[in-house]
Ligand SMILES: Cc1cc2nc3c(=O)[nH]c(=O)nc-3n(C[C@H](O)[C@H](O)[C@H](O)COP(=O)(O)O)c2cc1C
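Coming up is one lone chain in structure tokens, specifically the form predicted alone.
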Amino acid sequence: MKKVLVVYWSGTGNTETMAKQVVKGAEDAGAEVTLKTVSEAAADMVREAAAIAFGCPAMGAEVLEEGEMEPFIAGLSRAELGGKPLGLFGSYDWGDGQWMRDWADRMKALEAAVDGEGLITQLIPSAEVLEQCHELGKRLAG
């Protein structure tokens, strides 16, 4: 059984809702899934997972949340991410999604096998976006 780790930070609950759908998709595809807020996560969890999903909303000038998520992501290396399937997701209020493109580029630079360009939604995720999250989970479990 494939081990999938989903780590997220959520301020309003929108990214948390997305994370739960990623988990459901991976579980529906037969994976063993661990869901953690970023404050509960550690690099060794990332290293031990077969596939990973990270979720974080856009903050400020389209950046990752700076108190917990950014330091966690900045602390990861090829040792944890190299070659692993990785999904990125999150919500935003304004802008055009630059934070997600930047995040995907950073993860690709660490040789993670990033799924697409990241899954983003403006504010509250729609039923369609939640289905996309479910499908992301299934792909990560595959």
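As the structure is a computational prediction, the values presented were derived from the model and not from experiment. From 1 onward, residues are counted along the sequence shown.
Form predicted in complex with this ligand: not shown, discussed below.
Partner-proximal stretch of 102-110, 72-80, 88-96, 26-34 relative to this ligand in the model of the complex, 4.5 angstroms, heavy atom: Single hit among the candidates: 88-96.
Among the candidate residues A49, V114, A41, A58, which is the single one with a non-hydrogen atom no more than 4.5 Å from this ligand in the model of the complex? Among A49, V114, A41, A58, a heavy atom within 4.5 Å of this ligand in the model of the complex occurs only for A58.
Distance check, S126 to this ligand in the model of the complex, heavy atom within 4.5 Å: Although this ligand is absent here, S126 would stay clear of it in the model of the complex, with no heavy atoms inside 4.5 Å.
May I ask you to state whether E62 is within 4.5 Å of this ligand in the model of the complex, using heavy atom distances? Result yes; E62 sits at the interface with this ligand in the model of the complex.
With the cut-off set at 4.5 Å between non-hydrogen atoms, does Q132 touch this ligand in the model of the complex? No, no contact at 4.5 Å.
Q21 versus this ligand, in the model of the complex: is there a non-hydrogen atom within 4.5 Å? Q21: no contact with this ligand in the model of the complex.
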